[in-house]
Every structure is written in C-alpha cells, then in structure tokens.
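One chain comes next, on its own, written as structure tokens: the form predicted alone.
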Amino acid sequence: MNIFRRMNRAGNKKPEPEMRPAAPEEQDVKPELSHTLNEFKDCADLVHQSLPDKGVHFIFIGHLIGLEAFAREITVPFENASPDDIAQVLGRSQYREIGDSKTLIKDILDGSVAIFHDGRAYAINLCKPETRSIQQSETEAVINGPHDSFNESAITNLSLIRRRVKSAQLKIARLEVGEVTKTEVYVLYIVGIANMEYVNEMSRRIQNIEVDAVHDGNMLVQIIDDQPNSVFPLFPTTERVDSAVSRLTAGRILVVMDGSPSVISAPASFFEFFSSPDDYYQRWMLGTGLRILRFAALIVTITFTALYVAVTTFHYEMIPEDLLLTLTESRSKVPFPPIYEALLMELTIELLREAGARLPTKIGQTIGIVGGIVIGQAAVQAGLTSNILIIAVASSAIASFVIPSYVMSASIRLIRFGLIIMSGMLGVLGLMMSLALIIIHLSGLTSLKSSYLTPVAPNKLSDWKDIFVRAPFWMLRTRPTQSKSPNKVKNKMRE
C-alpha cells in the first residue's frame, strides 16, 4: 500500500515525489449551486434536496448528517417558513454565510449542510456520523480501574479526556495530516505543566508531514519518530482513558487522531513501557512487586534461550554435573546444533502466536494451547529438539507476555533472534556483546529530543521512585523531570 508521497522532516531524506497529473489550481470563487454539484459529480452519497416554491436548495453527505438535527434545523424551519421569511430564517446565528466555494466544499465534507438561496450560500454543521460505542479496550486488559476506552471518533475521545480534566489550562490545538484525507489531529497539553519546547516540537513535526494519508496513530508515530529505523518504540500509545489522562497531568503531550483509537503521548522513556495504570490502583507494595516482576521478565525473555544456546554450544563446564547428564541424554537424539534447534522452536512459537492473533478469538485460544502442546511433544519425540529447550523457549514466550506494551513486547521478541544467533556464534561473549550493543543503542535514542533512558541516563534519582518501584502516593508529589520545565518558551502554536 503506497500511501506516502513525500516527507519533509529534519533527519529524514525526502524521497522523490511520485509523478502524477497536475491538478488545476484551486481558486476562491463564489459558491454556486451548479459548481458545487459539479465538484461532487459521481458521488453516490451526495444528497440534493430542494424547495422549488421557496428557491432553497440543500446539499449534504447523507451518512454524515444526524437525522434528528436535520429535521430540527432544516426540515421544520424551512417547510414552515413562507418564501418571504426564508431570508429571516437564514439570518439566525447557526447558519453561516460562506463566501468562497473551497470553504463550502470543505464544510460539506466535514458534515455540514450547504444551503443555497437567492444567489448566496450558507452552511450549518449537523455532523453526527455513526461511531463505535465506548467499550473496554481489547488490547489493554483492565484488572482494576475504569473500563472505558477510546474509540475512532476524535470528538468522543476529547470529551472523555475533558470529563476527567476539568481545567481551562488544558489546551487543544487542531492540526491536519494527509494531503488527500485531511485527517484531523489534536495536540493536548496543560499550560504550566507541559514543557512548551516539546509542545512546539510536536506541532512542528506534525505540520511538516507531507503524505497522502495517515490512517492510524501507530502510523503517525512512525513518521514523527526521532529515529524511525530503531526497533524500539519511541512514543507509547494507549486506548485507556485513565492512562492517557495520568500522562497528561504528569506533563506529557497527548496526540489524538480522528479515526484512530490509539492516543499518542510524548516524550517517553524506555521504562514507561513497563508500567501499567493498574499499578496505582492497588497497594504500593503489590505495584512494586509487579514492576520488579516485569523487569525480571524482560531479562528472561531476552537472555534465556540465548543463554541455553551459548552454554550447550561452548560452555558445558557452566552446567552442574547432575543437570549435565540430563541435558546430554535429552540432546542425544537431536541431529541439529543448538542454534538451529533454538531458532526452529522460536520460529514455531512466533507462528503459533501470529496464528492465534489472526484467527477468531475462540479458535485462536484453542490453536495456541493445542498447537503448543502437540507440536512441542511431537518435536521432542521426533528428536528435533530437547525437553530443556522447550522449557527455555516456553519460559521466554511467557515472560514476553508480562510486558504491558504490545509494541515493546514485539520489539523484544525480534531482538531475541539476534541474541540467539550471536550466542550460537560466540557463546556467552556474543551474548554480552549483544546486550552491550543494545544498551549503547538505547543510550543514543531520544523521544521528542528527550533522552530515551531518562531517568537513568541522565541520572535523576528523584524519579526512580516511580520507575523500578511504585512508591507510596505521599512520595509521588513531584512530576517527572523529563516533562518538568520553567516554561519560558513562547507557545508558537498560538501565533
């Protein structure tokens, strides 16, 4: 799907633009009925109604209009008015006179009804498209706390945030992306809390996007990334309202995109992907235990299988004697080196995971459980793998599910293959070299020009109380230093 036409942002090369027929220059002409109908020629969803005896014509997109509002604002007033009273009806505040055709066409596409009378054009916004109801997020499990989540309507999502943040200091800036789709994007921040340098930088990056279409917030973050070629996600996305609001009040910036249930927050740190809103809805000792468990799961999912390959290939002396006998017996029938054995099983696990995600829910759960048991047992009996490797691969897979962020979990699973290959080539030395390269890479990443390893690099001990542990609330009275600012930078978004 070739959606990108060109991109102009610092740090990215601009691809050659595609050759396409030149479009005629748009001019601000006076809106006329015939010109508007010609612009929407061959649009089957366009509705054209008229009252010939009163000289009034209505043009709108049928599925964008609320029927009740149309009856209240259009049908009743104009059918009950006499021809001489039409001008008086159109003089009401809800009807806006439009002076150019370009603005009128945009209003129609935004859900307004265009009204033509006596050579003039008016518009009234009656937009009420069908949207998904507010439900619980299917991608972010809720154990404790609110169950409402964002949907594909930006207006609905903004109302959910406004309902929780009842402050005039919450500012919302409206932008557009997509030269064809003209998708609405809203940047949210709280004056006096958010760092205006980050607000202006986020606004600049979104305004500099030059593409034909952006369909989802997860696509948008890939375009505005500081390092788009990194495997690690630099901007977290969430569908949970409570998670988005907590980041907003902590000084983060939110980006809400129409048509996407994923709300972006920035700037972010690597450690933010290992926290969950549920940590704050239970006792602080339980929340701390879960945080530590997630970081332990990170170590297990990255190193467990790679360590098995390194030890069984180069470092048998590291294995206790009793375990060595069991391992030797288990691998006696396996014809492959440990690296091929591990890659085969890891690939099988990923195939089962992807199949379970793509199939319907009930079938997906069945294929994951049955497939894992049947294939694992059959592989051992056929001599393709050892029992201990099955345990290592299964433990790594289970540990990856502990990480709350799906995009971070997927990135770590991809990295695991590289560590297995390096361990198979150089043993523990290759594993340590790989981990060192990962840390070096993380140290060089930035999120909205902010260090990705904050508060470890640069070291901010005051923020550690909400990174590796979840301290009691009486200790969480200061905002993260990553978003804290004296706010001496002028807000360029209002200029």
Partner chain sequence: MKEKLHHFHVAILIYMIQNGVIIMSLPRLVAQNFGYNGWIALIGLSLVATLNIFLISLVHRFGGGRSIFKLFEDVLPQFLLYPLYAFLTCIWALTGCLVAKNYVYIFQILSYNTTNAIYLMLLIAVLVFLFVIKGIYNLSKATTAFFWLSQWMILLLLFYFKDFEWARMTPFLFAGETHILEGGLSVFSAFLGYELYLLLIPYVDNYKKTMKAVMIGNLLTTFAYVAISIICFGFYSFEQLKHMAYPVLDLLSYIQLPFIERIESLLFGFLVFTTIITTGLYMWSAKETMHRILPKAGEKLLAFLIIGAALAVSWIPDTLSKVQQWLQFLSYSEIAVAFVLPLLLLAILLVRKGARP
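As the structure is a prediction and not an experimental result, all values here were calculated from the model. Residue numbers count along the first chain shown, from 1.
As for the form predicted together with the partner chain, it is not shown, yet the points below apply to it.
Taking non-hydrogen atoms only, G119 never approaches the partner chain to within 4.5 angstroms in the predicted complex.
In the predicted complex, none of the heavy atoms of T36 sits within 4.5 Å of a heavy atom of the partner chain.
When the partner chain is considered in the predicted complex, E329 lies well away from it, no heavy atom lying within 4.5 Å. Contact check for V456: a heavy atom falls within 4.5 Å of the partner chain in the predicted complex. Exactly one listed residue, out of F273, F314, F232, Y95, brings a non-hydrogen atom to within 4.5 Å of the partner chain in the predicted complex: F314.
The partner is absent here; in the predicted complex, the one residue of I467, I61, L445, L448 having a heavy atom within 4.5 Å of the partner chain is L445. Checking 274 to 282, 163 to 171, 377 to 385, 420 to 428 against the partner chain in the predicted complex, the stretch whose residues place heavy atoms within 4.5 Å of it is 420 to 428. Candidate site formed by I190, G192 and I292: none of these residues places a non-hydrogen atom within 4.5 angstroms of the partner chain in the predicted complex.
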